[in-house]
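Below you will find one chain, with nothing else, as structure tokens; this is the form predicted alone, and questions on how it binds or moves follow later.
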């Protein structure tokens, strides 16, 4: 169970963009950084554990060529092995800053030469993999930047061509020295997922076809892809093969954000239906299939949710932003740390390679169903 904590006020409101919240926890300093996009600016806030804002900074999109101020599309902290960079994407380019936003260390202008007159030009989708930072483009390309241990000598090392429609999101996880491991996944407006292996040269391992709806948000955990779609579904795939394991009818409207707590395998999903759900992912030790447990559902009344993130790797707290909402909502678990590690007591149902319908996703299913602990479960 989670309870509402003190909100963090914003100078402006959050723009209606998917994944419009970034969180960076600094345990050594007992601080948490939050980043939110509003039009041509990004708001950066530092807060104490009690939610007291300690510092705020506002970053503007670099204007480049053009008359009107460019709109920022995403802000995201990229945690590399040797440094942390703050990355902003906009309709004009890609900006990289030191983690506190004080110094811009790199600027990459977008080339609109191959865009049609009616096509919007922008960058969107940011993730770090090893010493690389990957950024998605309106054209479907993914730019891979090689980041040095320090200094501004950042190099565009590669452009990945796997998508035909604009990239929506990118997710990564540490490869941990394994060969042929799938450690990067990219998503686009058609719902297509491309799975890559990072390295000096990125390699496309597999494509997971879409089914007619966008995939605004994607996550990667222990070789499992969690993809959130515009029809409210969350689908879990095997990253190495593209095999569909679980389909969850999680929300009644489009999903706008997914996040993972890697230490415990918790998945957070947020959507335009005003709900935030938390799920527990695990692998069966016997068969290796994916198991899913529904942990918590939180309604944010009268709010078009546009961003949601865990605030710590154990998933004991999370934050939510909403369109035209001038605050960051915070929620924390009322379970003890021991219960957090073990999982919620008495979770009633475990779903194994099934189609699950959330209590808030009121839609019919053509498959035979049965009622089970207020969830509608349909077997594949």
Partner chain sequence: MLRAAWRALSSIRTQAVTQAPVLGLPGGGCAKLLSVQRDLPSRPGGLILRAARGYATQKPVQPSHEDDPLPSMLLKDYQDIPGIEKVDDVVKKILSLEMANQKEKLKIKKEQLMKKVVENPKDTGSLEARILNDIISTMFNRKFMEELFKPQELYSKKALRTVYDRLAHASIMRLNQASMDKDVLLVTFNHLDAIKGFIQDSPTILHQVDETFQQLTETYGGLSAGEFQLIRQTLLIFFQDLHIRVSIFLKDKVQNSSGRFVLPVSGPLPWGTKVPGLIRTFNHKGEEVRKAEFKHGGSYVAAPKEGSFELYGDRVLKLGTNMYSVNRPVETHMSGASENLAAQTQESIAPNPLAKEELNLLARLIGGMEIKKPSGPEPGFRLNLFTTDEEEEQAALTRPEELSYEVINIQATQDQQTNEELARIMGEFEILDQPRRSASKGDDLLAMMDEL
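Worth saying up front: this structure is predicted, and the values here are computed from it rather than measured. Positions refer to the first chain, counted from 1.
We do not show the form predicted together with its partner chain, though everything after this point is about it.
Contact at 96, 102 and 196 by its partner chain in the predicted complex, all three, heavy atom at most 4.5 Å:
No, because 96, 102 and 196 lack any heavy atom that approaches its partner chain to within 4.5 Å in the predicted complex.
So which of 275, 77, 202, 132 reaches within 4.5 angstroms of its partner chain in the predicted complex, heavy atom to heavy atom?
When its partner chain is considered in the predicted complex, the option within 4.5 Å is 275.
Sole residue of 162, 230, 265, 223 within 4.5 Å of its partner chain in the predicted complex, by heavy atom:
So the residue touching its partner chain in the predicted complex, by this definition, is 230.
Which is the contacting stretch out of 103-111, 242-250, 82-90, 147-155, given heavy atoms within 4.5 Å of its partner chain in the predicted complex?
Among the listed stretches, the partner-contacting one is 242-250.
Just to confirm, residue 59 within 4.5 Å of its partner chain in the predicted complex by heavy atoms?
No, residue 59 sits far enough from its partner chain in the predicted complex that none of its heavy atoms falls within 4.5 Å.
Is there a heavy atom of residue 279 lying 4.5 Å or less from a heavy atom of its partner chain in the predicted complex?
Although its partner chain is absent here, residue 279 would touch it in the predicted complex, with heavy atoms inside 4.5 Å.
Wondering, does residue 143 line up within 4.5 Å of its partner chain in the predicted complex on heavy atoms?
Close contact is absent here: in the predicted complex, residue 143 is far from its partner chain, nothing within 4.5 Å, heavy atoms only.
So in the predicted complex, is its partner chain close enough to residue 254 to count as touching (4.5 Å, heavy atoms)?
Yes, residue 254 lies within 4.5 Å of its partner chain in the predicted complex.
Hey, which residues along 1-27 are within 4.5 angstroms of its partner chain in the predicted complex, non-hydrogen atoms only?
Residues within 4.5 Å: 13, 14, 15, 16, 17, 18.
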